[in-house]
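Two forms of a single protein chain come next, each set out by itself as structure tokens; they are called structure 1 and structure 2.
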Structure 1
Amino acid sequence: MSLDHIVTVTVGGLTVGMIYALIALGYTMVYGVLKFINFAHGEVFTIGGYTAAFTLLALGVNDAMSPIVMAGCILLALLAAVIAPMTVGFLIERIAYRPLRGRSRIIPLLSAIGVSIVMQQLIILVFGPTPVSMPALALGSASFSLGGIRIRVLAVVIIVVSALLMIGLTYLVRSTRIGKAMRATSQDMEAAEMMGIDTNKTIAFTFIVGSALAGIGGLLVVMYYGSLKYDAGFLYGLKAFTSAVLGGIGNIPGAVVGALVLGMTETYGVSLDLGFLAWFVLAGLVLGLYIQMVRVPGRRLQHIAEDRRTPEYEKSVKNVYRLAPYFAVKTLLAERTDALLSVSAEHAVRLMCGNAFLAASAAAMFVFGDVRIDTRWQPVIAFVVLMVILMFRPSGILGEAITEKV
């Protein structure tokens, strides 16, 4: 397998991951503030892409235009891709979600699903059922050579623009007045209101910012792939939500990390030979064994009460993890007499199953090293990785670890 192919695939994976990240940030911001999943966010992304594409078509963009005029047209498309989703996001929050705030969580969830269906049908009514296509521009296929490797200009633009937007969002949340209001609302809405924060405006602002990022993601997707279908938001939204969960729902850096992991995994999984991918799985197995044998037992010892902390008891807790096939199974089959050992045994079995799965996968991939997975299995690869990672880290890669109750 050539280095050129690996670099090209890596750039493609980063590009896809950055697109997922722009959409995932909307999910994680809304969840961070309201502890609620906005399942209509994928359709907001679609509206951004459709609005941008139809704006460029209406302006008659073509390669005969001067660079300045074309840049102006693209800027107008960008504004359309931001303003339309921002407006839709604000209306969704104001009409569909705000009246249901404080109700049982299942009610806003059902409302979100209903809004998603309604918006998808509205997209069909307004724009038509046929996929929207971008004007054929040289910019769409332009590339440059880096060390003899051809890289698409748009791929680099997507990576750079997405990175800048994420840095800007991080600054907004951590260093501005409205960002502090968002964090205060997330921690305790009632306390934030008592401190004079207008939580309604803060929540609406959160929806607006998340929708703007999704709209920019829609513009980048339609420019990169050349077309967009009315139901594309469902799959992209599902992948972005998966990225948010993978990185730690409610955590902005986690959403970015989860999106990059998902994008790279999907792209690598269907573009590289199994023999090459097996080394990544083997590295994951080494990390998994370290977590099971060293990291988790050390942390679990901190939960032992002082009146029960003896060398024998500490050794039994360590053995549950390090000799899981025997001690963990034995503890689970025995009558429950010790809460900490029982919880540790359940955790150890999950970790053991995860490591066994990684070991079996690595062995099979080395055996069939020349095989390449069909692209139709791309979603399966993504969700298998999600399940394996959550098996080791239930809160997500950068999510806040929650102490198990015993």
Structure 2
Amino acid sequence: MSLDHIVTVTVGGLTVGMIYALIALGYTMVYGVLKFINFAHGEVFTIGGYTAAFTLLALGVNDAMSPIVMAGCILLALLAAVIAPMTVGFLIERIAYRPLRGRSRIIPLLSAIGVSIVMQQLIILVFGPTPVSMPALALGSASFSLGGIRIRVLAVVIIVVSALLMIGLTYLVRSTRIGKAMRATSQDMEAAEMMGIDTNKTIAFTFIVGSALAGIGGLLVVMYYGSLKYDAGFLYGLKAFTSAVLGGIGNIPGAVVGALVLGMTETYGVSLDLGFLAWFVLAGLVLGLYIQMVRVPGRRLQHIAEDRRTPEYEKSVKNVYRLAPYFAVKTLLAERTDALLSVSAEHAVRLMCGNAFLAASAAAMFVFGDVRIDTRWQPVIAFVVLMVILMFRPSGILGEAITEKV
């Protein structure tokens, strides 16, 4: 496994991951505020890609243009790819979701799936069932060499643009008035209303921002891959949602982390052989074991020690602390030895199953070391990741950030 191969794969994974992140942010923000999955978000992404490609086609962009004119055209396409999805996202919220607010859980979900179908068919009706393709530009295939490794310019553009957008979003949510309103609405809609926040406006704004990000994602995808099919939004949406769950739904940095992890997993998964990948699984297992056996029991003991701060107790706890890994092993074996370290038996079993699963898959991967996963199975990887995360850590890597009122 040569180094430049790994660098190429990593850049590919980052690129894909950043695009997933752009879409996942929309899911996670809407989930944070309204607690429902906006199934139509994938289609919003497709609309972004289509409008961008059609704008470029309509402007007749080609390589003969001067760079300034071309930059102008691309900016125009960007504008189109932001405005169209924003409008669509706003309208969807207004027409299909707002009347249903406060209804039982399944109702808005159904509406979302209906909207998603309608939009997909509308895309076929308006743009035709054939995939839209970008005009062939030198920019699209341009690449530069970094220490002998060829990297596509567009990959770098995608990574940089997405990172900037995410920084912008973080600023928006953390430090502006409307961001504060968004956080308040997501925490408790009624209380936010009592504080004078126009929740309707805030929710509409959330949809608009999410849709704009997805639209930019669409533009980047269509430029990177050169074409986009009308049902692309389905799979991208699914993967983006997986990313959001992976990172912790409702959690904005989580969505980015989850997307990057998923993008990396996918790209590494299909481009390296299993024997190499097994080391990653093993590393994951070791990290998990460390956290479960040393960090978590240690922290729990510390909390207890801080609670009852008597010298004798601290001393006794210190002794226990030294033994923490031992207790943790016992906990992992589902023998609840000590109330101090008690994880519920169910949780311990789940952790144990997770560890066994990782160990077994690592072993299996070492055995079939020289096999490579076919690219055809790529979507399956995302699904397996989703199932595993829901099975063993449903709150995601960085934890959920939603508050549910009972």
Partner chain sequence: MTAITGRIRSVTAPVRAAFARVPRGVYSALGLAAAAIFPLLNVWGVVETAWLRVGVLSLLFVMLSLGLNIVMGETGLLNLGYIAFFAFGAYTTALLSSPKFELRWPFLAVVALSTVIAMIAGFVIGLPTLRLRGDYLAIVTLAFGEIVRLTIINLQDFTNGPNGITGIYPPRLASEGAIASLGDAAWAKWLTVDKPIEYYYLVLVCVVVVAILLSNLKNSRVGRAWNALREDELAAVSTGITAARAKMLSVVLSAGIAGFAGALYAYYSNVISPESFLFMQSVIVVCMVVLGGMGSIPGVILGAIVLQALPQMIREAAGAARSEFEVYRMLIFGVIIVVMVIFRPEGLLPDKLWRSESHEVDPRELEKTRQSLFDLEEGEKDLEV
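Structure 1 provides the reference sequence; residues are numbered from 1 along it. None of the values given here were measured: they were computed from a predicted structure. So that the term is clear: the rigid core is the largest set of C-alpha atoms that superpose within 1.5 Å between two forms.
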Properly assigned, the form predicted together with its partner chain goes with structure 2
At a 2 Å cut-off on C-alpha positions, does Val11 qualify as shifted between structure 1 and structure 2 after fitting the rigid core? no
Once the two forms are overlaid on the core, the CA atom of Val388 shifts between structure 1 and structure 2, in angstrom, by 3.1
